[in-house]
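Next up: just one chain, as structure tokens, the form predicted on its own.
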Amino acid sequence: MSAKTKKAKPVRDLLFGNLWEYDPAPETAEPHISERYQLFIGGKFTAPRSKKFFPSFSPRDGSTLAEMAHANDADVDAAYQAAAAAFPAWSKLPGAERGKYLYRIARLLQDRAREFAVAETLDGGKPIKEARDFDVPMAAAHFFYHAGWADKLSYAAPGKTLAPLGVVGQIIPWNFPLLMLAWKLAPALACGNTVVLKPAETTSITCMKFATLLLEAGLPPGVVNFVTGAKETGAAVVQHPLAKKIAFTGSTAVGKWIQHTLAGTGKRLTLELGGKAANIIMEDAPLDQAVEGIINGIFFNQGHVCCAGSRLLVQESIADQVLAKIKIRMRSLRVGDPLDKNTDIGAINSSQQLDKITELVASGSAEGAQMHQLECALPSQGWYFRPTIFSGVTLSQRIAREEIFGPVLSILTFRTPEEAIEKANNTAYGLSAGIWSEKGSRILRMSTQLKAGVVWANTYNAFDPTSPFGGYKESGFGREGGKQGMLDYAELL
């Protein structure tokens, strides 16, 4: 049951770069969430051959939202067989016709925007205003963008012919379930591939609701298949012989296992893994604007962001001033019920993630960093953590080296641009970075020296479907979004 919405209209949101806007206040919607979800294979909801289900909890209050099917090897094989059977007809469909399906999916997602926004908040714990204003419209924007490419693939690589790979296996994380689904499905379908996709076990509900949207769009059976489950299910998706490509977004440890497993198989692979981004503040930076970028860079989605600006590098001459401004701004943040449209910091995705954040924060204090934490009451039920910043951080401390994936900021200082670059690159990761300065020449010079796939200048967390996203080193390889991300789903002949 979807809530009624006003007709969407194109608009450019200057804050996040969103391409679409729709009627606000989704917290009034009541999305239908089933008590139990089956698998989506061959255009139908099917009972798992494993006959097993697992609970999906709401971070908001710890309650059980639904039971999800746990796919075993036989279920994953059935999904791949359905995708393989659908591939010949889908791949031969004219690009303009494939594009029509993607346009239809995008429009239906807009029409059901309130329903998906509330479901995403209930399932993942993110503030409703973020799900409403960022996740859902950006997911729709990715389908719109790739729909436009579907009949123009010959222009993506002049002099080359683009051919679909076949069946691709995709595994998405729990921090942006709907958006990561769009990031992966849209380019794969535009290029003529068929898909077997596994969502994260803690956030599978919006994926299965998306299956009903695919049925509403009339997508041919088997073109997209969803299998839910834990790590065993993911392993089966990766290892299936029919997979021509695997696209994974998640932890670096799992990414390394996938790369090792696929070595020598000939399968294509793209990995978008962890990060420990440096957000660099030069002494000539517009400080009030920079502070807003710092807050957005670390506290957006409770810090559950692989490209979060979790390491703040501040030039020594302004370090005290910046710290004071951040502490003042942090006091204005509201932590609480994710469904409250006034909430800035919602719930931590799971109890396991909350334990990890708590342990790493304790290590920061134990290793000598000075902790500054928002003093506020937390809800009595669910999983929550207060926004936290550490000053006096050194590169040897765990909070400066390990990905916390929570609302925790580590502040380091530097004297010269050269020292800033050295400290920024002193990490195993290389996903993203930010530079704040009034001098464009300085930004351009420093950005070329940063070992990061994405570098933002005087902004942070600005995304657009036309822009490729991805990293280096232990942050993975390959790109998602833009022409570059789409080409990873095609064979150049």
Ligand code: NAI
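Residues carry their position along the shown sequence, with the first being 1. These numbers come from a predicted model, not from an experiment.
Absent from the display: the form predicted together with the ligand. The rest refers to it.
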**OP:** Identify whether the ligand in the predicted complex is within 4.5 Å of every residue in the set A230, S251 and Q353, based on non-hydrogen atoms.
**Re:** yes
Original post:
in the predicted complex, which of the listed residues (A247, V118, V136, L273) lies with a heavy atom within 4.5 Å of the ligand?
Top reply: L273
Original post:
What is the one choice in C306, V314, L178, A188 with a heavy atom within 4.5 Å of the ligand in the predicted complex?
Top reply: C306
Original post:
Hey, in the predicted complex, does R132 get a heavy atom within 4.5 angstroms of the ligand?
Top reply: no
Original post:
Does the 4.5 Å heavy atom contact test between V393 and the ligand in the predicted complex come out positive?
Top reply: no
Original post:
Though only this chain appears here, would Y384 touch the ligand in the predicted complex if you measure heavy atom gaps against 4.5 Å?
Top reply: no
Original post:
Heavy atom to heavy atom, is I171 within 4.5 Å of the ligand in the predicted complex?
Top reply: yes
Subject >> Stretch in contact, per heavy atom within 4.5 angstroms of the ligand in the predicted complex, of 369-377, 118-126, 153-161, 192-200 >> reply: 192-200
